[in-house]
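Before any questions on how it binds or moves, here is one chain, the form predicted on its own, in structure tokens.
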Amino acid sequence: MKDLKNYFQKAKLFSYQSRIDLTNIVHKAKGGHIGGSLSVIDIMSSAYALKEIYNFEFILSKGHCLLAWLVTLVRIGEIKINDLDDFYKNGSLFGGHPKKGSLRSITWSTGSLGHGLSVACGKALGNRNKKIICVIGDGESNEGSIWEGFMFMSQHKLSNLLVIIDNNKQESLDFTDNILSISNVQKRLAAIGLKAKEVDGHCIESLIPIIYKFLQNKYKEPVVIIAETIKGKGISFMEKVPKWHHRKIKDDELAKALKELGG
């Protein structure tokens, strides 16, 4: 396997700066889905650190975490940080969810939960030479269409589709186990013929090798990554606190958050 140390470092730098950027943007916008964006940022940083050597199409099924994607696209130079000055404002290209065509990388509108995986399956079936990475949420997996997508992925052996579950164990304003648990998700996926790997979703050294092998065509069958994450990761007073699903950041909270993030 290629020496990935440089990509580990690159992804860590992406994550570091992206957490600072999205925190500042949520403060300025007076709202945003910061909790889930912080939980998924290491996943996105790991994937996009490899973008310079392997091309792929990215589908963010949990579309409310658009901001994490946008600040990641800042890292690779697709947009500038100043392009996000009007995030969440009337007339902006960037509302709370991905809008198809707003950027080169945003090829599908998502945000109505449960639909992104089906779109990714269709794209993967339509062009088996294309690599598709689809990120879904654990709470989103309460949607029946997610499981229909998994069954389709298994039956049609879509090895060119990598699904990553951001398993932060929260959804909206409560914990997933209190709403509709998807415990033992690895066994559930195995029952429909899908191989699933559980990883620490905040460990770059664990995420990048799996994504790299996928991009290298090393998997001959569909693979699902169950990324164990923490909602609000990196800011202590947000971690595992349901109210930070969507909330504005006060001035004193911003100062504390940036101090913890090193910004």
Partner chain sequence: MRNSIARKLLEIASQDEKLILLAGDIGFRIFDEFIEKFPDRFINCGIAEQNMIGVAAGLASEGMKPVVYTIIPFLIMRAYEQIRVDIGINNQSLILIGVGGGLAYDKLGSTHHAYEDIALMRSIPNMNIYSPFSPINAEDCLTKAWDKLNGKNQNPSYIRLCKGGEPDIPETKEIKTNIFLNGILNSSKCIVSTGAISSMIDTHIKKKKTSKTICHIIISEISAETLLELINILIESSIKKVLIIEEHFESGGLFEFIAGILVKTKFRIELENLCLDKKYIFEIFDREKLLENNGINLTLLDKWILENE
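Not measured: the values here are computed from a predicted model. Residue numbers count along the first chain shown, from 1.
The discussion below concerns the form predicted together with its partner chain, not included here.
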Quiz item: Would Lys169 count as a contact of its partner chain in the model of the complex, using a 4.5 angstroms cut-off between non-hydrogen atoms?
Solution: no
Quiz item: So in the model of the complex, does Phe175 come within 4.5 Å of its partner chain, heavy atom to heavy atom?
Solution: no
Exercise. Please check if Leu93 has a heavy atom lying within 4.5 Å of any heavy atom of its partner chain in the model of the complex.
Key: no
Quiz item: Closest heavy atom of Gly149 to its partner chain in the model of the complex, within 4.5 Å or not?
Solution: yes
Self-check item: Selected contact from Lys89, His156, Lys187, Arg104, since only one has a non-hydrogen atom within 4.5 angstroms of its partner chain in the model of the complex
Solution: His156
Quiz item: Pick from 161 to 169, 189 to 197, 115 to 123, 67 to 75: which stretch has a heavy atom within 4.5 Å of its partner chain in the model of the complex?
Solution: 115 to 123
Self-check item: Heavy atom distance at most 4.5 Å to its partner chain in the model of the complex, all of Trp108, Asn127 and Lys130
Solution: yes
